[in-house]
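Heads up, the chain below is alone and in the form predicted on its own; it's given as structure tokens.
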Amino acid sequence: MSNSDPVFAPIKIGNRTAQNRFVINAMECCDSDDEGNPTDRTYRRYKNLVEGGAGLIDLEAITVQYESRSRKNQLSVMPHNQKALTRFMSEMRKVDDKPLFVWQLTHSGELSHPDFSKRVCVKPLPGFGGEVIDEEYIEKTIDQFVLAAKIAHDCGADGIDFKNCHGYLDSQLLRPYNDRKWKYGGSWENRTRFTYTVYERISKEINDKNFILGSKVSIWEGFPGGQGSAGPDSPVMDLTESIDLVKGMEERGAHYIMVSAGSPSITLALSQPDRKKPDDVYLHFTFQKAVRDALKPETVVIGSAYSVLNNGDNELQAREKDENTLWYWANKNIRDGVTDMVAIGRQSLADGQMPVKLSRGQAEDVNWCIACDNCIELLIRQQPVGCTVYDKEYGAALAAIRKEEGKLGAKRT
């Protein structure tokens, strides 16, 4: 382990420079206040991440509207949030002004929770559904994304991550499953209209050469009709549209693409490889290489799904342990031109200080993610999210929830 390894090399993203190749992935953590503003808990989380030494931090799935959202206590980016978000960015810069900070803008669509918001959809999907939206709704949503990007810019963010992954609204529009005969469905031209219009308008209306634009993209969702499939009822992988999508984003101003896969509400283990069957991490590497090969050298490719690798304590077979680690594959994939940067999600919850610890040669001090996915259980339960293994607060909270459910179950029987 050395500071001369590829992960510690700086990299230019647009006109900005990240100090190294580590990225903190956007992790929803359900700890805003009732108006979608950061709370003390949010501040603690991001202060830890900023101190952790990553080159770029992606602020979690921050919703551009509040009528349809997946999390009850979800951060939002609307005019009434601007003062609180400006203060948030100012405080983070005081901690350390070196990490680049982008905000992941999102709309939950059919993943909106009907208990506290309105579920809407492009075309009813079994198990989800919702009120079918029309062209007027989409055009209003485009305005919301553009306004959110302007707010992010004015609050001091370095850029945005326009979320095109994991089953959220833009994924729903891009899918072959969206074969409705309307302005935003059917043909590939129609299904990409929303994405490309948002990019074009943000580029034009913000008009700041230093503001970073990019997207996290599910290259293949892994179910019939999902992103990257061969047709509206086919599960067969066909990356033609996904590669065309990222090239179209690049043409419209994208400085980076974060490569992901899956839709966590449907194909969770594909989205974030499971510790019992971590082999899907190789699929992620394959998708990263396909995107890297398709884009210009100056467009940065960020790979994800690395947390399951940890320090080699995983179930990957036919490899020596020291060649099964996050450290090994991050450096190898950057060196081999598979990806340019490496994003950590669950690992950032386990130990947001991982980048700085590795830079100091302190791998033995890292709290390595064991991919238990208890953090995902907290998310599903609409509870504040953190690592239940290394943070007693979150571990106790999950234990209390399970204990209470056990009591209720015993009473029913």
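We number the residues from 1 along the sequence you see. Just so it is clear, the model here is predicted, and its values are computed rather than measured.
Not pictured, yet referred to below: the form predicted together with a small molecule.
Visitor: By the heavy atom within 4.5 Å rule, which residue out of Ser263, Ser229, Gln272, Gln288 makes contact with the small molecule in the predicted complex?
Guide: None of the others qualify; the residue that does is Gln272.
Visitor: Which residue among Val300, Leu111, Ala157, Cys165 has a heavy atom within 4.5 angstroms of the small molecule in the predicted complex?
Guide: Contact with the small molecule in the predicted complex is made by Cys165 alone.
Visitor: So in the predicted complex, is the small molecule close enough to Asp31 to count as touching (4.5 Å, heavy atoms)?
Guide: No, Asp31 sits far enough from the small molecule in the predicted complex that none of its heavy atoms falls within 4.5 Å.
Visitor: Please check if Arg175 has a heavy atom lying within 4.5 Å of any heavy atom of the small molecule in the predicted complex.
Guide: Output for Arg175 is no: heavy atoms all beyond 4.5 Å of the small molecule.
Visitor: Taking heavy atoms only, is Ala305 within 4.5 angstroms of the small molecule in the predicted complex?
Guide: Ala305 belongs to the contact set for the small molecule.
Visitor: Should His107 be counted as a contact of the small molecule in the predicted complex, where contact means heavy atoms within 4.5 Å?
Guide: Result no; His107 lies far from the small molecule in the predicted complex.
Visitor: Quick one: which of 31 to 39, 357 to 365, 47 to 55, 344 to 352 gets within 4.5 Å of the small molecule in the predicted complex, going by heavy atoms?
Guide: Stretch with heavy atoms near the partner: 344 to 352.
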